[in-house]
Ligand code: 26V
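One chain comes next, on its own, written as structure tokens: the form predicted alone.
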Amino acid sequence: MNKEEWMNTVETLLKANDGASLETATVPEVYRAVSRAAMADIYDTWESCKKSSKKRVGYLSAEFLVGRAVFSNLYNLGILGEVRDWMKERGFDISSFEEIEDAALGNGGLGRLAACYLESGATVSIPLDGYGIRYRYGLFRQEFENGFQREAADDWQRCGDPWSYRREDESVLVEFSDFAVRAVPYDMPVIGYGGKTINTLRLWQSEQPGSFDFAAFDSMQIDKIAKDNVRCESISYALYPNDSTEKGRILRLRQEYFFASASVQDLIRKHKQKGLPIEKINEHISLQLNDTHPVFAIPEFIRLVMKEGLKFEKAFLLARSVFNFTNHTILGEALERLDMKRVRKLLPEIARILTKMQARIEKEFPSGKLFLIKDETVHMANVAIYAGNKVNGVAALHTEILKESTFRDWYEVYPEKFLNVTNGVTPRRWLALCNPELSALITEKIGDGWQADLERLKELEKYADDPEVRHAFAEIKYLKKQQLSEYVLKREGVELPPEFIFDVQAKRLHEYKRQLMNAFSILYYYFRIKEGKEPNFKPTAFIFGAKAAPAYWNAKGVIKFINAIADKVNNDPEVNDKLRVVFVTDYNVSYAEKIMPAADISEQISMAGMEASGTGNMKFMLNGTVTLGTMDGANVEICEEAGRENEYIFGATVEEVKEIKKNYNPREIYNSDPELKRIVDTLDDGTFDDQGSGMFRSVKESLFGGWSADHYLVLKDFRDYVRVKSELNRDYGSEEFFAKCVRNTANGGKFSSDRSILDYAKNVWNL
């Protein structure tokens, strides 16, 4: 549509749906009208892309952290500027769309990566469709009450969902032993940069099958109707139900099978509708399992193919040529292990398929070294490796750990299955959109086109020694800090002077990510500044963004501890001209879009060997932020690309961690370092109050108690951490520091999700 057609469509939609004009409509009303106008504009292209005869890829993921769609979609269609200008002429500021909820259908990196991959698939013209769950309430809305995390329902559909179409006619039935549920698909367009390819994210909503039970209503059996509705609809209520109870474990199992079954049914049905033989399905589709949550898709595929007439062995081998598995973690708690008794009870047919698969592997490998089911527990990662074609890690270091340790027995038998695909992020959202000022500078220096060919950023490197470009980088960073500072003041009530260094750790809250060590470092500087030991310390604002899983006690304890530190530091006139601390509320994609461009320091401080890859580190890097981190995950490759001398690296390496842990005694470090001991003791000496919750004592005990004492080497790495942190503080503001910022952006090309998807297409999906 041209500009006039766009204007007319938006006005027509406002009148028809809301009885309003652009001048009188509310922000949500205008948002819905603009979004629906875009949906009308792309309809023909979208339908045409669905009919492509190319081999299609299905990306199955429990999480899709898509964020707010309107800006990225208009940008990728090439009309964001025009729409903004037209609306400005009519007195409407398009930035007010920031009031609209994020679609928080994910927890962190896993879901955000999935969203990046879908966008990149469309950008590089690969038929890549996503499959997941349309959670009614997303993850959760995070609130702080006296510094404690509290969870509230995240009603992301509060302003409607204009970017989805309900496809009632393509609903499928998912059956459990005790009841059946209807899976209703909602299709969301995934628009590639330039708008030439539009793929689909299909999210399933659980509903009660059949029509309304009027007989039950007529006899006033209201409780029965409500109970039946809740039983079905609760499956897609919220991401990751608390599985610390039996009911929670059952609900999580239902969730995983629900979307796996619905997705596989959908793919097989579409294949059959084309008149193609079932035994040739591997020539037309490839399926990527994003971690272990969708692994039920494998036995479900085998079950459904057997219903089409294939014997088990043929069905198994067909599955092996269709499915691929991405591992995102070495954490045992995330490598799902399910109680086989529970599977048998709820999914008897799936249990029979898994048992057949176990019998097959016993026959093939009678030693018992390789297994799918052991001690009445089904190991979902093992199922994915055995019955899949390819298995990939998400960073070079991570993949080596999988081969040498986590899945060593499998790698020895199936070395050809294992490969690496380093993660990436979309440069459209994470540079072009969130940092238009830096994007304009890049385009001025190297020309346009880098948005879809990020390797071109390398042309910037020659400007690292150009004082004018360094100065321009510094000015843009200051501007982004001003913007973030204003937003934080409005949202959190905390003032962050943009003259301060912005030191950011924004990621999921987990003990291995060591937010606790960062908190200890703040107290280290706090006490030293109070005692006059840091006269040259450059003022620093420590910014945290994270959510802790509702049942993760110690993670929530760390949040409370950081908020207690923030309260002390920010209200102490002796130090608050040098230190500020803020833990932002409800960290999400849209908050990240403001934080990433404003950060001076990117904290990537997990214990070496724990972070599979990270993608936040890549987003910071693209925006000219130096990494303060360990040689872990993709930090290793960031150092390889930008040069280790342009980052700030500390801590034990993977090899050193192995040696340290053989005889590690954290109490010796604690007792031999009075400064560190004083910091650790603030957890239980009355310096901070956890209001009788016992959280702080629990966090302290994790450093000393039992076999897992200081499992993530917080005390061991602390001294090296503050040494390098102090070095960074001294370097900040120098000409060479800003040269490092330029070099980081210039060498971020490898970390485009476009490159990642092309790697998958060539080495995994055989497109």
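Heads up: residue numbers just count along the shown sequence, starting at 1. Everything numeric in this text was worked out from a predicted model, so none of it was measured.
There is another form of the same protein, the form predicted together with this ligand; it is not shown, and what comes next is about it.
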query: Stretch in contact in the model of the complex with this ligand, which is absent here, among 534 to 542, 228 to 236, 105 to 113, 81 to 89 (heavy atoms within 4.5 Å); finding: 105 to 113
query: Residue 647, heavy atom within 4.5 angstroms of this ligand in the model of the complex; finding: no
query: Distance check, residue 372 to this ligand in the model of the complex, heavy atom within 4.5 Å; finding: no
query: Close approach of residue 653 to this ligand in the model of the complex, 4.5 Å, heavy atom; finding: no
query: Partner contact for residue 512 in the model of the complex: this ligand, 4.5 angstroms, heavy atom; finding: yes
query: Answer option from 519, 605, 460, 394, heavy atom within 4.5 Å of this ligand in the model of the complex; finding: 394
query: Heavy atom within 4.5 Å of this ligand in the model of the complex - residue from 264, 612, 626, 387; finding: 612
query: Sequence-ordered list of residues in 423 to 439 near this ligand in the model of the complex, where near means a heavy atom within 4.5 Å; finding: 423
